[in-house]
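The chain below stands alone and is given as structure tokens, in the form predicted on its own.
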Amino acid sequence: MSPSRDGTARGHAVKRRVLVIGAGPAGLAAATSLLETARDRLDVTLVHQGHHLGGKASSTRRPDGRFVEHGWHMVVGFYDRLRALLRRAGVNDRDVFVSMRGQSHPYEAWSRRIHTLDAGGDAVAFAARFATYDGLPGADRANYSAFMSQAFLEAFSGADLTRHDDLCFDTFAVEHGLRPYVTKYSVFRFLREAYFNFPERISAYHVLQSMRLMSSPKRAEAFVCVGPWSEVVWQPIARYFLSLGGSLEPFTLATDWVWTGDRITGVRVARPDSAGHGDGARAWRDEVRPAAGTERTLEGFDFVVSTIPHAVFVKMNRAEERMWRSPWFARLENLRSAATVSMTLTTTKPVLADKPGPVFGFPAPLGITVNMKPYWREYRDDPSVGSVLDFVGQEAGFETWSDEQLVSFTLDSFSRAPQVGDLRAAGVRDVELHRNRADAERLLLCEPGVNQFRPGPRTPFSNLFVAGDWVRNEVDLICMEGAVASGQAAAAAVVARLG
């Protein structure tokens, strides 16, 4: 049968082929959304470079069977898209995510104590609660409470918050009446540190957008996963994608685009050199190299959805000046990312057992922790484990430190708080340190002025669409929910292109 001009063959429709690159939150969301929306018109293949699903939010298992997270990941109440996707995959999200009871715990250096901030109540009540927060001296408490009331009013005003993107939140705060030295208190940094692991200067837009999305106690509530993310969250979504008729191919590392005119005609891929190591497929520390002799080109796809992280994307086709001198590609080079670092510390005696939420405000690089003992199923009922402290942070400024220095410094820092005590005396059973330096694991810096350089899902190539937390989307925060929203937006753009 000969094809007709509109892309169909006489007697049946011809499905268009879509290649989705990356099986993190954005890639899984894009791939499933494509088939949920147009499975009768699309043939979707999902490729990803590792063995474990979830991208930066994946997990691995050690030889002894214990799972390891590469930094603890939090779900916030406004993560509606992620929860809905999980439910469509047949998983009850209430069984997967458990609440941290609306608490955060700032360590204030001036008092040398860990204090508690309760996020219960509506936005007005939450702002007013700063007036009774005992981690600030009285005069500073009143000043901070007044500023936070103004910040919440601005966030909920309905105004275009992107106009604040060029300001760092510290500057925004001082311009709105906060005393400059109050920005040094941990409680001032709680949104960017406890919620988004962002210890550097952050765009005022990003913080205000966070406040807007956390508009009620339910939407501000923080949750953690009861088990390994790859197994509990991402694998069920991948199985759902396969049940819709999709194809999944692991150990496929995208290295370059093949293009002619305004179309992507192929994607050069290779097998990662660490792919043969089983559960150690994510064991690389600094970069992911193609394994020798495994290069090939994927061709014949009508559309490509790339969820490749920004730090990887900007290294593709570097020799092609015509591409990288174009306005769309050139602006991507203004975006920066940071290497994250994480550590899981298991102790014999209980530590921070009375602190259900994140504890933060300690010195970098690992200044944030959560005791996961009450939440992770495989540790929760184990009497030989007193606590499972999961630390996260950014490595900037500590790249030359050895692993031993990072671990020792973190133990010393947290041990200064009387509510923690000597961590070494708690009986350290096990330490897992991960310096997430690979480009695929880097975190986009949502620094002041960054949003003008972040792209939307469409690219100069008519059949290439991009997604990921670094791509503009309805949520517009550097988080999993933003990645899911971006993946779904890219899928909608592909379907719209179908006509």
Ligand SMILES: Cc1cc2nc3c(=O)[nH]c(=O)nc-3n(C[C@H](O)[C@H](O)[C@H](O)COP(=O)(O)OP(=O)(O)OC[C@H]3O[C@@H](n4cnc5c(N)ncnc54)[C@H](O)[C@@H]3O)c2cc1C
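Start at 1 and count along the sequence shown; that's the residue number. What you see is a predicted model; the values in this text were computed from it and never measured.
Keep in mind that the form predicted together with the named molecule is not shown, yet the notes after this line are about it.
Novice: Check for me: heavy atom within 4.5 Å of the named molecule in the predicted bound form, for each of 42, 258 and 464, yes or no.
Specialist: Checked in the predicted bound form: no contact with the named molecule for any of the three.
Novice: Considering the named molecule in the predicted bound form, which of 147, 79, 376, 169 comes within 4.5 Å of it through any heavy atom?
Specialist: Of the candidates 147, 79, 376, 169, 79 is the one lying within 4.5 Å of the named molecule in the predicted bound form.
Novice: Which residue among 491, 19, 485, 479 has a heavy atom within 4.5 angstroms of the named molecule in the predicted bound form?
Specialist: Of the candidates 491, 19, 485, 479, 479 is the one lying within 4.5 Å of the named molecule in the predicted bound form.
Novice: Looking at 59-67, 451-459, 438-446, 31-39, which one sits within 4.5 Å of the named molecule in the predicted bound form if you count heavy atoms only?
Specialist: After filtering at 4.5 Å, what remains is 438-446.
Novice: Can you tell me whether residue 369 touches the named molecule? I mean in the predicted bound form, with a 4.5 angstroms heavy atom cut-off.
Specialist: No, residue 369 is distant from the partner.
Novice: Contact with the named molecule in the predicted bound form for residue 253, defined as at least one heavy atom pair within 4.5 Å: yes or no?
Specialist: Result yes; residue 253 sits at the interface with the named molecule in the predicted bound form.
Novice: Though only this chain appears here, would residue 308 touch the named molecule in the predicted bound form if you measure heavy atom gaps against 4.5 Å?
Specialist: Contact with the named molecule, yes.
Novice: Mark residue 152 yes when one of its heavy atoms lies within 4.5 Å of a heavy atom of the named molecule in the predicted bound form, and no otherwise.
Specialist: Flag for residue 152 set to no.
Novice: If you look in the predicted bound form, which residues in 62-89 sit within 4.5 Å of the named molecule (heavy atoms)?
Specialist: Stretch hits, in order: 70, 71, 72, 73, 74, 79.
Novice: Your call: residue 196 and residue 374 CA atoms, closer or farther in the predicted bound form versus the shown structure, by 3 Å or more?
Specialist: Result: farther.
Novice: Tell me whether residue 195 and residue 450 end up closer or farther apart in the predicted bound form, going by their C-alpha atoms; the shift is 3 Å or more.
Specialist: Residue 195 and residue 450 sit closer together in the predicted bound form.
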